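This document starts with one chain, in the form predicted on its own, laid out as structure tokens.
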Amino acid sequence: MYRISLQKAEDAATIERLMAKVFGPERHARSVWQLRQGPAIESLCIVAKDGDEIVGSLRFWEVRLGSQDILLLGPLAVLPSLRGKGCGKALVEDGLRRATGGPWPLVLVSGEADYYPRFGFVPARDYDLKWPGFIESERLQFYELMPGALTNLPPGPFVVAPVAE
């Protein structure tokens, strides 16, 4: 139903309008945006198209969790009229597939607590994360790209920070 492909430079304005529609004008004030510094991971930034129209977007950013680099999933943006119709699901599944086998052991998401577990995400509240601002702890969830990555984490606390360029 949806065609998933890598984002192109010419998609930037359309994606920005989509994000403004989905998240509103204050989206950059949210604490998660403090982690989205520098460029997103180009090989993991994808769009969903319905015909020729971009109807969804997903990006991944590299962040530091303690002393290791991991991925931050998001923002995931889907046209409001298509919520619940499989577009977000297709983007998340494709994005996680693309990220598997890369150098990152984990994906972290700040998202809806009841949405991401269907993909295998687990609550991060037991890992003592130090987030750069206010966040509801139930929004933070991990996904293992490398089996055992969570089991092998040393004891926290873990500062979540942008990767220095």
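Heads up: residue numbers just count along the shown sequence, starting at 1. All of these numbers come straight from a predicted model, not from anything done at the bench.
The form predicted together with a small molecule is left out here; the points below concern that form.
**Student:** Could you tell me which one of W131, W104, F60, Y116 places a heavy atom within 4.5 Å of the small molecule in the predicted bound form?
**Tutor:** So the residue touching the small molecule in the predicted bound form, by this definition, is Y116.
**Student:** Quick one: which of 43 to 51, 120 to 128, 106 to 114, 60 to 68 gets within 4.5 Å of the small molecule in the predicted bound form, going by heavy atoms?
**Tutor:** Flagged stretch: 106 to 114.
**Student:** Is there a heavy atom of G95 lying 4.5 Å or less from a heavy atom of the small molecule in the predicted bound form?
**Tutor:** No, G95 is distant from the partner.
**Student:** In the predicted bound form, does L72 come within 4.5 Å of the small molecule, counting heavy atoms only?
**Tutor:** Result no; L72 lies far from the small molecule in the predicted bound form.
**Student:** Test of understanding: in the predicted bound form, would V22 fall inside 4.5 Å of the small molecule by heavy atoms?
**Tutor:** The answer is yes: V22 has a heavy atom within 4.5 Å of the small molecule.
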